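Taking the form predicted alone, here's one chain by itself in C-alpha cells.
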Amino acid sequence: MSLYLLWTDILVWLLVVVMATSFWRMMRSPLARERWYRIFHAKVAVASAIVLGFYVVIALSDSIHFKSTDSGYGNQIVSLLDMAMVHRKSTSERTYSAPFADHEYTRSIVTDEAQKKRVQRFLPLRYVQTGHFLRDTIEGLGTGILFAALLIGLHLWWRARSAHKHSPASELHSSIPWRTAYTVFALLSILLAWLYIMSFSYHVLGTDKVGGDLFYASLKSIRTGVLIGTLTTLVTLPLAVILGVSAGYFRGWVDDLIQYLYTTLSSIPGVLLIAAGVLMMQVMMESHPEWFASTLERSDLRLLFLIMILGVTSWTSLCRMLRAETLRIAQMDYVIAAQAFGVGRWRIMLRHIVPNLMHIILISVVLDFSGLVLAEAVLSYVGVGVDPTMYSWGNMINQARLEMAREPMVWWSLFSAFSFMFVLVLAANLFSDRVQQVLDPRSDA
C-alpha cells in the first residue's frame, strides 16, 4: 500500500499549510491575537468552531489516499476514512432498509419450501448482527467518554502549565468559555463513537436503493462539501483581491475595465454560467477518457473543475466591496504620505491597503463558505454538480426525491443528507456571524 495523491488532495493540504502559516504569522501580532480571542469569547462561536473542527478532521482523513493491492480492498484507491469504514464500504445489502432495521424495507417474492408456493416476505439483512444493541451501545458510549476525557485532560494539563506564565495572551486564553467547548466536544465525541461502534452491527442510518450504507455515504459526502467551501477560495481570493484593489487604486481606464468585467459577469445568472462551464467540462472529459485510470480520478478531476468554475463565477461581489473600500483608503493621510515620499504603487498596495482590507476578506470567506456548500447541493440536484459516482449531499438528495413519493416512503436518505448538511451550514453561519461582529470596524462587539 503506497501513498496516492489526487489533485484535490494536493490542493487541500496546500491550503492547510497556507492557512496554518498565515494564522501563525497573524497571531504574532498582539492586535490580531486580541481580536481572535474576542471571537472565541462567545459561547456560540466556541461551539460552532468545535463542530466545524469535527467536519474538517473527517474531510482531511478522507483526503489521504493510498493505492491498495490488498485482498480486502482490491486494486483500488482508498482513503483513511475508507479503511476505518471498510466494514460498510465493502458490504452491501440488496435494497432499502430502515435505520437499525434487521429486515429489508420492502417485501420480496420467495419460494416457501414447506407450502410449495411463492410468497412475499421481508427478507433479513445479510450484514446486520442483531442481539448486540445494548453491548454495542455501552462500548460506543464508553469509547467516546474515554476519548473525550483523554483529550480534555491533556488540554487541562496544558492550560495549567500555561497559567504560570501570566502573560497577556494567557489572560485572554483563560477568558474563553472552555466549559462550553469541553461539553460540545464531549457530546460530539460520544455521539460519533456510538454511531461508529453501532455501524459494525447495524446500518445506523439505513441503506439506499442498491443497499449502500447511508452512514458511510454521509461521512464521505463531508469531504465534497468542505472542499468546495474551502478550495473555491483559492480561485476567488486572488481574482477578487488583485482586481478589486487595482480598480480602486489605479482608477481611470483600469477601473472602467474591471467594472465592465464584473458587471458583465454579474448580469449573467450564476446557475446558467456554472451549468455552461460544467457542460463544456463534461464534453472535454468524455472526449479524453485516456486521462483517467479509474472512476475516482475522473470524479476527482470533475470536482476540481467545478471548484474552479465556482471560483471564477463568485469573485465579483467581493471584488466590488474591495474596490469601494480601496477608494476610501487611498485618500487616507498615510497613503498620501507614502506617495509623497516616492513609495512605489505596488508596495503601497501590499503594505498599506491590502492589510487594511483583511477584515473584509476574512468576513467574506467565512460568510461564503455555507453558501458554497449549499451551491454544491443545488447544482448536484439539478445534474450539473459533482460526478454522479461521487459521494455528495446533493447526489443523495437528488436520489431521494423519488423515494419520498413512493409507498412506503423512504425518508432516511433525505434525512441523512439534510442532517449532516444542516449542522455544517448552521455552524458555519453562527461562526461567521461572530467573526463579522468582531472584525467589522463598524460593529460595537
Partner chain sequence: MIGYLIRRILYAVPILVGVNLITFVLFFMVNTPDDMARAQLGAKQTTPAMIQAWKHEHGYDKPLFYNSSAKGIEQVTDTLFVRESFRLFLFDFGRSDANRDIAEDIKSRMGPSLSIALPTFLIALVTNITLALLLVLFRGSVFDLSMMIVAVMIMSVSGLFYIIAGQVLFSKIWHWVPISGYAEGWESIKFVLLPIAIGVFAGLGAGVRWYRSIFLEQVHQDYVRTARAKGLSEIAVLFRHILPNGMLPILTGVVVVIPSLFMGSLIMESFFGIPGLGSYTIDAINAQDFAIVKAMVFLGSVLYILGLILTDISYALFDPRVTL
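Everything quoted here is computed from the prediction, not taken from an experiment. Numbering follows the first chain given and starts at 1.
A second form of this protein, the form predicted together with the partner chain, is not displayed here; the remarks below concern that form.
For the chain shown alone, R88 is not a contact residue for the partner chain in the predicted bound form, no non-hydrogen atom being within 4.5 angstroms. In the predicted bound form, the partner chain sits beyond 4.5 Å of every heavy atom of R323.
With a 4.5 Å cutoff on heavy atoms, F422 counts as touching the partner chain in the predicted bound form. Among residues of the shown chain, L154 is not one whose heavy atoms approach the partner chain to within 4.5 Å in the predicted bound form.
Only one of the listed residues (L188, A181, L273, L304) places a non-hydrogen atom within 4.5 angstroms of the partner chain in the predicted bound form, and that residue is L273. Just one of W253, Y334, W158, Y260 comes within 4.5 Å of the partner chain in the predicted bound form, counting any heavy atom, and that one is Y260. With the partner left out here, the partner chain still marks one of 349-357, 140-148, 278-286, 226-234 in the predicted bound form; by a 4.5 Å heavy atom cut-off that stretch is 278-286. Residues I397, R401, M404, A405, R406, E407, M409, L414, A417, F418, M421, F422, V425, L426 are the ones in 389-428 with at least one heavy atom within 4.5 Å of the partner chain in the predicted bound form, listed in sequence order.
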